[in-house]
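One chain comes next, on its own, written out as structure tokens in the form predicted on its own.
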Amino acid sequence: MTTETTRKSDLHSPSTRGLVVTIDGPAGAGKSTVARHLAARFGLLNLETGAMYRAFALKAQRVATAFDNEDALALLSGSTIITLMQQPDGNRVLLDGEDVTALLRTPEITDAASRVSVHPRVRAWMVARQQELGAHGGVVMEGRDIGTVVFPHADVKIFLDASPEVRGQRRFEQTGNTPAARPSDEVAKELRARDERDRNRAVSPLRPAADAIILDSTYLTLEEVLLHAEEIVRTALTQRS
């Protein structure tokens, strides 16, 4: 199944200028896949905010800053520059000028990103940066608090969800059935722990915006999810025209 093909009639239409699409949801729900597809389909810039938190976690790890030390992390953020560069195959992530894209998807960095993101001052710094990147619209931005905090007045808000068991199985399948792959039930357990942190943090907890459309992919194929997401955006564009 091809997910990156585009219909020319959707691309760079005047109605997409200034459009802001937010996709929130728990880890492993498929937000990045849906965001990439919508960006290609409608000619939008794909801003992957989770990668920004991972890049910051990588820097904290490199300079041995404790993930639970908010003061030190806030100080570190003041000397950190994270840049997203749109490429045909997805974003490239630059950390202080270094391309760190290939280093950000390890379980260790993913867990670290969840830990540094609970701190209010880290989130305030990151939210300001994300708002700057999407200030002119024409973007699809995915994360955990995009529709509630970063862009509460977005044109389209999707909350993408799935059960921890399904998300764990999908991640297991992504890694391949190799000796290094962790069992899906182990991945699901980690996802539940991360969900708990994300949903119960004091600042910007993970929750659907009041006006978000909830898209539960537990019993849907990838193609069905993408078609549903496309229809949500097209409906919004019709209402704007």
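The model shown is predicted, which means the values in this text are computed figures rather than measured ones. Quick note: we count residues from 1 along the sequence shown, nothing fancier.
Not on display, but discussed next: the form predicted in complex with a small molecule.
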{"property": "Stretch in contact in the model of the complex with the small molecule, which is absent here, among 132-140, 112-120, 151-159, 82-90 (heavy atoms within 4.5 Å)", "result": "112-120"}
{"property": "Check all three, 36, 234 and 240, heavy atom within 4.5 Å of the small molecule in the model of the complex", "result": "no"}
{"property": "Residue (of 212, 60, 29, 51) lying close to the small molecule in the model of the complex, criterion heavy atoms within 4.5 Å", "result": "51"}
{"property": "4.5 Å heavy atom contact, residue 167 to the small molecule in the model of the complex", "result": "no"}
{"property": "In the model of the complex, residue 201 touching the small molecule (heavy atom, 4.5 Å)", "result": "yes"}
{"property": "Residue 207 within 4.5 Å of the small molecule in the model of the complex, heavy atoms", "result": "no"}
{"property": "The small molecule contact at residue 189 in the model of the complex, heavy atom, 4.5 Å", "result": "no"}
